[in-house]
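Read the single chain below, which is given as structure tokens and is the form predicted alone.
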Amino acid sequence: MGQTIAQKIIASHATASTVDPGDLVDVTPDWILANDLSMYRGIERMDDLGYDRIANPEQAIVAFDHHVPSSDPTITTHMNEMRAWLDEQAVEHFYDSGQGILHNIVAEEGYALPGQLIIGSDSHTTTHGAFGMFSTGISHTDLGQALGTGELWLKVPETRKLVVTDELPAGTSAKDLGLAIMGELTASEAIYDAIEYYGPGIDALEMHERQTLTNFAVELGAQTGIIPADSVTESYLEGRARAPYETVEADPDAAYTTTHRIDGSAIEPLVAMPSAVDNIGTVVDNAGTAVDQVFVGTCNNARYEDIRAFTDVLGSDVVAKHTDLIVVPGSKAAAKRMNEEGITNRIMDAGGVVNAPGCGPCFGAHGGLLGEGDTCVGTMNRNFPGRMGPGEIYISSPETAAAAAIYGEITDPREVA
């Protein structure tokens, strides 16, 4: 029986020539990722496990992105302690506050490459599967073990194939496709599986759209989501890749537990309604819902291309009265490009606020939390109760978020003149 992409990549980073679903194997990852939220606990777990040195400092990529800028003196103290520790440990791939979200940096700086295996102490590490690699989130204890030894054990997952049979229609985007997949598979059907994405609807997606899709894989319960590398991948990596790479393809007779088919041409603007990621509804059916805040950002939709798509719909309109607009670019590079092209000014002139690169209010720490009874339409990946304060969250595409900002209520972006 042939091997899936997930199986091949795990085997190439382990001591086995082939692996089967359910096998427990020790792997040596190409990169170990951490952020300010997880690194502090990872250091504690290293100490608990008896490690005082990072085995391979060159494996580690750390970015301060969650508490940026810090809103709590205790957290500021912890960040200062981590900076000193990372310097003492000779971690060269460290991105301090203001550089952006960890996953955006890893992609933009050419770390993420086809055929790699990445582990990271952030659940949305699945993002990098967009590059044809195996990339998955780990716990703080796993982070301590991986940093202390340079390796970690993984259980080889079953693999599902997901085929998008046609290209997306005008007025929709990869976020709408991701929400449609969420409605199809729910948040529990693919638990601990790998998902491989295929079909004309996937081939037509640009790299920023592919990252949106694989970022969402963890919300399906999956261990990883993988889009095979192709000419789109290679074009993005040209002049950016930090090392040579080899693409990985599944064998023709690879065994998949099931194949899901999505008609890309039937996708329409969607939202995840409060308060579950798989509570999917159409924008049309939710039209007219009053919106108190619009948030554009997070590791799902904070790339330059996402924010440009938002402002393309926003046009010369202004934000509706009594609706707040908060935009948080995902990286310093994205923020600079926004400035150079006048996008930052366009957002501010419309009545919006552009905050420092980072995760922003997505996880409920700072920068735009909701009040009691507030409703937010945002481009985040989670809408759990209390995620951004006591209000309710509708997850949407950047285009739908722009329409909501203009009218102060959920509106079909295809109707914006």
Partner chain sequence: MYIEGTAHVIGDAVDTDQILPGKYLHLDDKAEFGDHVLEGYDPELPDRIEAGDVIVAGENLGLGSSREAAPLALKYAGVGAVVAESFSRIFYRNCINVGLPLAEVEGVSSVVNDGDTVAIDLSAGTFTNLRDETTLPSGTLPPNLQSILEAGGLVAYRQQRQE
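Residue numbers count along the first chain shown, from 1. What you see is a predicted model; the values in this text were computed from it and never measured.
A second form of this protein, the form predicted in complex with its partner chain, is not displayed here; the remarks below concern that form.
| task | Quick one: find which of 33-41, 372-380, 57-65, 350-358 has residues within 4.5 Å of its partner chain in the predicted complex by heavy atom distance. | result | Comparing against its partner chain in the predicted complex, the contact stretch is 33-41.
| query | From the list Leu154, Ala335, Ile343, Ala180, which entry has a heavy atom within 4.5 Å of its partner chain in the predicted complex? | reply | Contact with its partner chain in the predicted complex is made by Leu154 alone.
| field | Non-hydrogen atom within 4.5 angstroms of its partner chain in the predicted complex for each of Thr15, Asp96 and Gln116 | value | Heavy-atom distance to its partner chain in the predicted complex: none of the three under 4.5 Å.
| Counting only non-hydrogen atoms and a 4.5 angstroms cut-off, does Met207 reach its partner chain in the predicted complex? | Flag for Met207 set to no.
| Quick one: does Glu108 come within 4.5 Å of its partner chain in the predicted complex, counting heavy atoms only? | So Glu108 does not count as contacting its partner chain.
| query | Thr298 near its partner chain in the predicted complex, any heavy atom under 4.5 Å? | reply | Thr298: no contact with its partner chain in the predicted complex.
| said: Is Ile191 part of the interface with its partner chain in the predicted complex - any heavy atom within 4.5 Å? | reply: Yes, Ile191 is a contact residue.
| field | Residues from 111-145 in contact with its partner chain (non-hydrogen atom within 4.5 Å) in the predicted complex | value | Those in contact are Ser121, Asp122, Ser123, Thr136, Gly137, Ile138, Ser139, His140, Thr141, Asp142, Gln145.
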